[in-house]
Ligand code: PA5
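Take a look at this single chain, the form predicted alone, given in structure tokens.
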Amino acid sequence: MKSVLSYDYTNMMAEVIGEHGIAGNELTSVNTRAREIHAKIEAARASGALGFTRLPYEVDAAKELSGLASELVENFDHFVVVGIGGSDLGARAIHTALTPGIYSHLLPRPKGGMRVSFIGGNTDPRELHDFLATADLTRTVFYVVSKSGDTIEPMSVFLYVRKLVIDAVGEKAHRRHFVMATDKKKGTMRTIVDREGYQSVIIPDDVGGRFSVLTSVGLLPAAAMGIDLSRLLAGAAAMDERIKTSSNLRENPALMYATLQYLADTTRGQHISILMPYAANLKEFGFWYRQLWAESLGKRLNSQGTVVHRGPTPVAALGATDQHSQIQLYNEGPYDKIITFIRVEKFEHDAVVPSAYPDLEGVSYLAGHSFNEIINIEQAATALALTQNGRVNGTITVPALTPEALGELFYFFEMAVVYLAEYYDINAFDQPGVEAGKEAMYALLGRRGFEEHRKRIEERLNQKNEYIV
């Protein structure tokens, strides 16, 4: 298929936006560097170093996952993802974008799929209680996603629901109610799988969590929803074919996007990157983007080991909702933000505002306008207002919110963040800042091997604190 995504960066340019935009000669001046970055990424891909770039073409693996989902559909009504961060944000984005999302539990079971829910992204006991209050555990399969099996949030939820399922169906039968996504050979989860005999699928060694949406991590839940995985992959592949064949900024939308983000951050002080889709079904996509951006680009050290403290701050907003909560700041606050809209030209469902109160001009003018028309006018009007106020913004457009378009969006941002990391000269794939917090949690919860760490933490926590009111 042909790529359908477009990126309009008109309102990023100084000739339109004024002094806070990027001048044409600035883009020209980075052409050589952009080509070098493109060549470096393609060389890394050819060497097998970028595992996520092969995922759009793993059609056979997707067929196997679809087959597993079909087996599960025959035996269960409810598919529950137990994961956090990269282990569930992608699946949540797919669920909200391509199904009734947050309303799915109120609707009949979808044809060819199951109702899908998510727990394990938080250890809030109220959330767990509310889920279990409505779940029929005898008709539910839990998809526990953790490459290591050491992640506190999903593993604590797994241990809890495992006991409840055993109580409901028995020790032997409970194994049918769990599918694990984990490492092929090592880790706590692999040990549990081998010990219990749970069915499992593999998370590739060379694909990190925030890049894993097109692996088993995101694809099995998508198949459980009844989504055609080949269409998701086809969209990602279409974007990849477009990206990998051109180092020309004007032909490679992800490279152009990364270049403009880099220039805006480093030459204009625009350190806050806002993604604002004008589609309620893309709300969770914004949260997926937020993790991808933050964990990939927020780094203390560059590739030479020099302290740089890099990283634009990602913000997930939603149009038109946040026109009434954030746009005041974006229009009149500091010039430190880049706003990217996602626009859907044609929505799957539409409705027309009926005629009423013709004598009241405050509402009568809305008669005859479709909601599809209204939301896209709102997006265009917001972009216009920002532009008039000298605020940089760009618009990513897809014709419709289809599996193909969603695949393109996922892959566009994954490649953009890899390009951007090269501009910053940082590693897009590590996350040392996350590990420190994990180690503190292990220590405080009494994990063996962290005794000295716990002692140091408790000494600090027990110090007299004069700053509590």
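Note that the structure is a prediction, hence the values are computed from the model and not measured. Position 1 is the first residue in the sequence shown; the rest follow in order.
There is another form of the same protein, the form predicted in complex with the ligand; it is not shown, and what comes next is about it.
In the predicted bound form, the ligand stays beyond 4.5 Å of every heavy atom belonging to Pro314. In the predicted bound form, the ligand lies within 4.5 Å of some heavy atom of Ser87.
The closest non-hydrogen atom of Pro221 lies beyond 4.5 Å of the ligand in the predicted bound form. With a 4.5 Å cutoff on heavy atoms, Asn427 does not count as touching the ligand in the predicted bound form; it lies far away. With the partner omitted from this view, the residue of Gln291, Asn331, Asn248, Ser230 that lies near the ligand in the predicted bound form is Gln291 [heavy atom within 4.5 Å].
Contact annotation: of the candidates Asn376, Thr151, Thr99, Ser273, the single residue with a non-hydrogen atom within 4.5 angstroms of the ligand in the predicted bound form is Thr151. Proximity to the ligand in the predicted bound form, taken as heavy atoms within 4.5 Å, picks out 202-210 from the listed stretches 352-360, 202-210, 123-131, 221-229. Using a 4.5 Å cut-off on any heavy atom, none of the residues of 363-395 reaches the ligand in the predicted bound form.
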